[in-house]
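One chain comes next, on its own, written out as structure tokens in the form predicted on its own.
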Amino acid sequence: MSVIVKNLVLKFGDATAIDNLNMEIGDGEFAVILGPSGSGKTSFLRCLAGLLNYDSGEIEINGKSMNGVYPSDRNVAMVFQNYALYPHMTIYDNIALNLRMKGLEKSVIDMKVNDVSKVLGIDQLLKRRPREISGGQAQRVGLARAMVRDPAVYLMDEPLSNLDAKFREEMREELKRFHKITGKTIVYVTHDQTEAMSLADRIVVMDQGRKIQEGSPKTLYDNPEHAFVAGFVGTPPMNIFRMGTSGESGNFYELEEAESGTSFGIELSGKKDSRKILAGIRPSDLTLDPEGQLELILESTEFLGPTLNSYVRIGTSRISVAVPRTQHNEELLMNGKPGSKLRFRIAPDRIYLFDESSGERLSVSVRDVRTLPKKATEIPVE
């Protein structure tokens, strides 16, 4: 079933939780609403479910307006972050409750409850009560309670948040399999970009109640249209630098935060009216190279198995770098002393440019990157 949202506005007093939101989710699509706390994503999901009355706009499910339609009549199933199980009922009864309310035969209920319980690994818990299971198990029961139904749309509000890392990864695979088998439309809310990237057909990034960008995981990662998306999608997050014009040419920008120490500058392919821009560099696009354009100061390194995640500095700006684990890289980063100087290479076409005021992506590209002379004595590493 398709979901169409038109000019949706939700306010709490003077605060705007959802600001003129427009969105279309296709039939059978797995759409993930991604954003930080306070971005309006959960409020949006509750509007879809009919749990919040919005101020203006319209929501359509399968071509039918949901304005004024009671939650029970919307044919949606919601999985809450707070699993909200009935404490006096067994796990079986919690899962089966909605099926019983529909008047299904006991044999059908048994089959549905047992099937979904096996998928989620809770078939051994059906005779227990909520107080006798862990938080992660309770979250799976909440998920089973929605999965056992046959709604038009599944609404999921961070359903994996209470699971440990290993089971969270397993559940992502189960959710993808569940979606493939049922072909149902799923609207999934999360602040976890790993969940979003691994689950979604399409991601909608929200911030402060507004839709910033939507697209496939690959599109958002490779072609962020806004500085917020660039800094939010990707692990580790993209490094964002404030750059100011230098000289009279109008197409050379220098790192603005570098009040002392080594700085770097970028030459653009064309002139920009703005005297300040934002430059974004992904940690994985920086490569150790003795002939590299950037001279960076090593601070620390995290060992993450196949990847080394280092923090380096240029001037007063701290930069995250993610490089493959090789003997050469280990020697320089793991065994290197804090304060040692390293050279990194960055391809000019891997630098993203954004307008500082609006955050929107700029059409110009970077022609050249180079380290600039020291402005003053370098700040020692603490």
Partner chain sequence: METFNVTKEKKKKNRIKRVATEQNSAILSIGRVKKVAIQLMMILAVVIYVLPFYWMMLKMFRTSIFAHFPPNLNPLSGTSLSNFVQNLGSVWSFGSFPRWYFNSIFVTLIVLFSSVFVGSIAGYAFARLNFRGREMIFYTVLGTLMIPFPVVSVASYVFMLNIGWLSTYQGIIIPEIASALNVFLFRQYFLTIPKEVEEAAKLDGLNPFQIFTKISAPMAKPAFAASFIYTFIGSWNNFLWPLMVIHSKSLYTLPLVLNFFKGVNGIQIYWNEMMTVVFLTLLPTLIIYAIFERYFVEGISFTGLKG
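For clarity, every value in this text was computed on a predicted model and none was experimentally measured. Numbering follows the first chain given and starts at 1. The term rigid core refers to the maximal set of C-alpha atoms that superpose within 1.5 Å between the two forms.
Not pictured, yet referred to below: the form predicted together with its partner chain.
Note on the interface: of 87-95, 307-315, 217-225, 284-292, the segment with non-hydrogen atoms within 4.5 angstroms of its partner chain in the predicted bound form is 87-95.
Its partner chain in the predicted bound form comes within 4.5 Å of no heavy atom belonging to S107. Interface residue remark: A31 is not counted as part of the site for its partner chain in the predicted bound form, having no heavy atom within 4.5 Å. Under a 4.5 angstroms non-hydrogen atom cutoff, its partner chain in the predicted bound form lacks I266 among its neighbouring residues. Within this chain, Q208 is remote from the site of its partner chain in the predicted bound form, having no heavy atom within 4.5 Å. None of V323, I346, A49, L353 but one reaches within 4.5 angstroms of its partner chain in the predicted bound form through a heavy atom, and that residue is A49. Listed residues P236, P71, G135, G244 were compared with its partner chain in the predicted bound form; P71 is the one with a heavy atom within 4.5 Å. Heavy atoms closer than or equal to 4.5 Å to its partner chain in the predicted bound form belong, across 133-169, to the residues R145, R149, ordered by sequence position. Once both forms are fitted on their core, the CA shift for G234 between this form and the one not shown remains under 2 Å. Comparing the forms between this form and the one not shown, the C-alpha position of K218 differs by less than 2 angstroms, with the core used for superposition. Taking the rigid core as fixed, one finds a CA shift for R129 of 2 Å or more between this form and the one not shown.
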